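Form predicted alone, single chain, as C-alpha cells, below.
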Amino acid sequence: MLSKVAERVYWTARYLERVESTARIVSIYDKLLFDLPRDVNLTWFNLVIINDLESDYLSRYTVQDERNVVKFLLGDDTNPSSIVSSLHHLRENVRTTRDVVLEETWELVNELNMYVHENIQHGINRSKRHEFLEFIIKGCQQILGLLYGNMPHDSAWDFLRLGRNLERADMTTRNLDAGIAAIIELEGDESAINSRQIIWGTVLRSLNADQSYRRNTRSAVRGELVVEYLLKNMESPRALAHCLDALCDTSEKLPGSKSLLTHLNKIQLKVSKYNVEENLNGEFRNYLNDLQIKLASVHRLIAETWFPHV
C-alpha cells in the first residue's frame, strides 16, 4: 500500500471523528448551560481553551461570547479544526482514496458537506442548533457504519483504525478537561455541589458513555468514578484505555511499529497508575495536558514510520 494512500485513509478517520466530536461537545455544552442553575456563569470560551485554539481565536475575534465561539468552532473556515474545515479535509481525503474506502463513502461525505454549508446559520443561531448538530452526528455515524460494516479488513482498514482511535483518545482527554475546567470555575459557588453532578453527567453524555457508565459502576454520577471510567475502562469505545489498546492492537499488525508500541505502552502505564481519588483537582488538568502532548507524539511516530515525506 502506498504511504500517501495510507496517510489519507488515516486522516479520513481522524477528520470524521473530529467532525462528530466537535458537534457533540458544542451540543452538550449548549445543553449544560440550560441544566445548570441560572446564577452559574460558565464561559463558552472554555471550548476554545480545551482545544488549544486560543491564539487562532484571538487573532480573529475580540469578544469571547457564545455566538463568536460557536461560529469559530462550527463555521469558521480559517479555523483548521472547525467542522467546516474538517469536512473540507475529509472530503478531499475520501475523494483521493475512493478505491480503498468504498465509493459510497464519497456520496455520504458530499451529502453531509452540502448540508453543513447550506445550513451553517442554523448551528450558529441557537433556535435550530440542536437539530443541526444532531444531523451532523448521525451523518458521521452513518459514514462510520458504512466503513465498519463493509470495508475489507486490510492495511487500509488498519490505518483507518489508527486514525479513529488516536483522535478519540485525544478528544476524550479534552472532554475530561472541559469537565474539570467547569468544576474549577465553579469553586466557591454555593450551588457548586449540585452542579458538579450535572457537569460530570454532561461529560459522559458528550462521549455517549452515560448508559454504559451506570451499568458498569452501578453508581450515581460522581466525579472520581466518571474520570476513572473514562480513563481506565477497557470496554467503553471512547475510554482512553480502550483507545490505547486498540492502537496497540492495530500497530502490531503493521511493519516497523516497535518504537510506536514502546511509546504507547508507556502511555498505558501512565494511565493505569494514575490515582484519580488523590489527584482530581487542578493538577488533573496538568496530567491531561501531558497526556495530550504524549498523544501528539503518537501521531508524530505514526507519520515518521509510515508517512515519510521526501
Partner chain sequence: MTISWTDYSSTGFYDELLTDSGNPRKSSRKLLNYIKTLNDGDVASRKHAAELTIKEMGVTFTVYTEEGNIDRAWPFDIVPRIIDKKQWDKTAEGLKQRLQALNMFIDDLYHDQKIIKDGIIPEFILKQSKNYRKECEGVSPPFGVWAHICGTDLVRDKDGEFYVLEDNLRVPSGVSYMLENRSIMKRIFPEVFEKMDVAPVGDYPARLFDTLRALSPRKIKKPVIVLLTPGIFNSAYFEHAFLAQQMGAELVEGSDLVVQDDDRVYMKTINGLERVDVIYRRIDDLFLDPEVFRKDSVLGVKGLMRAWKSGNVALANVPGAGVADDKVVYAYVPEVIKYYLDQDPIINNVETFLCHDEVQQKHVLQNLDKLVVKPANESGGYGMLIGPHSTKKERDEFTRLIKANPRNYIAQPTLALSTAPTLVGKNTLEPRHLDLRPFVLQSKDSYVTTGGLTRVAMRKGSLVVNSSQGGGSKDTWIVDTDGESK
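Numbering follows the first chain given and starts at 1. Computed from a predicted model, the values in this text were never measured in an experiment.
The form predicted in complex with the partner chain exists for this protein as well; it is not shown, and the discussion that follows is about that form.
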Interface residue in the predicted bound form among N110, S212, S85, N125, criterion: non-hydrogen atom within 4.5 angstroms of the partner chain = N110
Name the single residue among E235, D77, E131, E103 that comes within 4.5 Å of the partner chain in the predicted bound form, judging by heavy atoms.
-> E103
Per contact check vs the partner chain in the predicted bound form (non-hydrogen atom within 4.5 angstroms), the hit among 202-210, 219-227, 151-159, 137-145 is 151-159
Decide if the three candidate residues S3, E92 and W306 all line the partner chain in the predicted bound form, where lining means a heavy atom within 4.5 Å.
-> yes
Taking heavy atoms and a 4.5 Å cut-off, does P255 contact the partner chain in the predicted bound form?
-> yes
If you check in the predicted bound form, is T96 within 4.5 Å of the partner chain, heavy atoms only?
-> yes
Hey, in the predicted bound form, is M114 touching the partner chain, heavy atoms inside 4.5 Å?
-> yes
